[in-house]
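For reference, the chain that follows is the form predicted alone, supplied as structure tokens.
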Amino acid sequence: MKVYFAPMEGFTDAVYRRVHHQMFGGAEKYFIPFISPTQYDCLTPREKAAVLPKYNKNVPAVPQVLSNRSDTFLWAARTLCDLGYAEVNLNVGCPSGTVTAKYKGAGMLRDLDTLRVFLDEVFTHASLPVSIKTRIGFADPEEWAQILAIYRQYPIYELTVHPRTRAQYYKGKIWDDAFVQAQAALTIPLVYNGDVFSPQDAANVLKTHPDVTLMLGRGLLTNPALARQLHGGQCLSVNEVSQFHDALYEEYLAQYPKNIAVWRMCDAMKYLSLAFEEPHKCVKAMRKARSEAEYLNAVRCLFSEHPLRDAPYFSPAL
């Protein structure tokens, strides 16, 4: 079994990827949150901060591209190939309204004829292997059969399937039968993504789909040791969480003004705090902090006064 770290926009930036990989490991690939190039001549400063090799040193990172134009995607693929990457991932899964309104991400599933033309160009001219991360439809899981018929026409390097439609966002039923359909229809490597928050969740998926690769997102943000655990390693400890927090914060302070570093840490703690019992009061204090001292006091209160939950994992109910 292999484990991948999902591209989590606003959370798994280059700093997070480096620190997580150094401290916890367990993830065979770290997918970089998407870049969305709109020009051919250069990467923006934000895109460079995401994909330049010096910011992903020693991390097995895979860049993801969000585009509905084959020429733009192919330019990005060539640029990433020149930077030394061995794979590029196409985002056909992002459910955000601002993204899908532009027929990008999961919005590409609204017009399958256009998707087919796009993939024809990409797989004819791509300069490196192309993997895809997809939803199973835009509005209805019944769309999946047509989408699969398109995907089976191309040499997709790896297909990550989140078995929900765009309309579901991250809630509601996981359509496991859709993954079974993909296994029956395709011979390419498949990756399962969606609601794997704990070792038990992983065991349930593997019971139905033995040896499948798992892509973890919110589960790993809440329990950064989860991938390590799935490989038989140690469970998360409070001391590790504290060390992880401090290492992240030190890296952010080296790159950003103090107020921005605190803001970045508040984002990270949105999920990491859910590993603890009754974290909400401390999290509220972090977000209301007017100074670094107030923020750090709230963090230390969480770490010293609140035990880890018996099985730290993300729960939609929290």
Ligand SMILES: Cc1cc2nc3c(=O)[nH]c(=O)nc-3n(C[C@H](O)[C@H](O)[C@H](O)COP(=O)(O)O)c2cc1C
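A quick note: this is a predicted structure, and the numbers were derived from the prediction, not measured. Sequential numbering from 1, following the sequence displayed.
Another form, the form predicted together with the ligand, is not on view; read the next lines as being about it.
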Exercise for review: With heavy atoms only and a cut-off of 4.5 Å, decide whether residue 64 touches the ligand in the predicted complex.
Suggested key: yes
Review point. Any chance residue 271 has a heavy atom within 4.5 Å of the ligand in the predicted complex?
Key: yes
Review point. Is residue 279 close to the ligand in the predicted complex, meaning a heavy atom pair under 4.5 Å apart or at it?
Key: no
Review point. If you check in the predicted complex, is residue 216 within 4.5 Å of the ligand, heavy atoms only?
Key: yes
Practice item. Determine which one of 96-104, 147-155, 110-118, 188-196 lies within 4.5 Å of the ligand in the predicted complex, judging by heavy atom distances; exactly one does. Key: 188-196
Check your understanding: When you measure heavy atoms, are 24, 56 and 244 every one within 4.5 angstroms of the ligand in the predicted complex?
Key -> no
Review point. Taking the ligand in the predicted complex, which residues of 8-30 have any heavy atom within 4.5 Å of it?
Key: 8, 9, 11
